[in-house]
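Here's a solo chain for you in structure tokens, the form predicted on its own.
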């Protein structure tokens, strides 16, 4: 059982610098064909400062920052038992190449179903740019099967 003492736990900030190559790669990997995500001139013509991060990129950024793995280690959840339950995003402003995004997460709920066979950890995260501006709020649910 996941110790409920982790409710309210706030992770250490995780930073990720966004670069064009990474954003282009992600856009291509998800099948994004809008040139706004791969062509700087198209992005600027659309009003962005540089290539914008494609939708859902911030989830990948959070994963890449190591924040999710640290959370699993803190909660002593073996990676082999984890399922990705769900993910939601509320976007407040674009994140673009050249930005440095800082993600801070908080565990807001831990509960179980099926007599404890499945445990759920609900995490809310904020992604802010280098100016401290809120870029997006993320909400995810991890499922631990026993």
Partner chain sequence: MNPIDTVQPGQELPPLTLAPVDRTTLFLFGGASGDHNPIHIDLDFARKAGMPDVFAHGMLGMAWMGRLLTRWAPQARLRRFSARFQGITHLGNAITVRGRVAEIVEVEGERCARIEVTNTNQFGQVKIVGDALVALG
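Positions refer to the first chain, counted from 1. On a predicted model such as this, the values are computed, not experimentally measured, just so you know.
The discussion below concerns the form predicted in complex with the partner chain, not included here.
Distance check, residue 146 to the partner chain in the predicted bound form, heavy atom within 4.5 Å: No - in the predicted bound form, heavy atoms of residue 146 and the partner chain never come within 4.5 Å of each other.
The partner chain contact in the predicted bound form: residue 116, any heavy atom under 4.5 Å: Taking the distances in the predicted bound form, the answer for residue 116 is no, it never comes within 4.5 Å of the partner chain.
4.5 Å heavy atom contact, residue 50 to the partner chain in the predicted bound form: Answer no; every heavy atom of residue 50 is more than 4.5 Å from the partner chain in the predicted bound form.
Distance check, residue 20 to the partner chain in the predicted bound form, heavy atom within 4.5 Å: Outside the cut-off, so no.
Non-hydrogen atom within 4.5 Å of the partner chain in the predicted bound form for each of 26, 82 and 86: Answer is yes for this spot.
Members of 51 to 82 lying within 4.5 angstroms of the partner chain, judged by heavy atom, in the predicted bound form: If the 4.5 Å heavy-atom criterion is applied to the partner chain in the predicted bound form, 51 to 82 yields 53, 54, 55, 56, 57, 59, 60, 63, 64, 69, 79, 80, 82.
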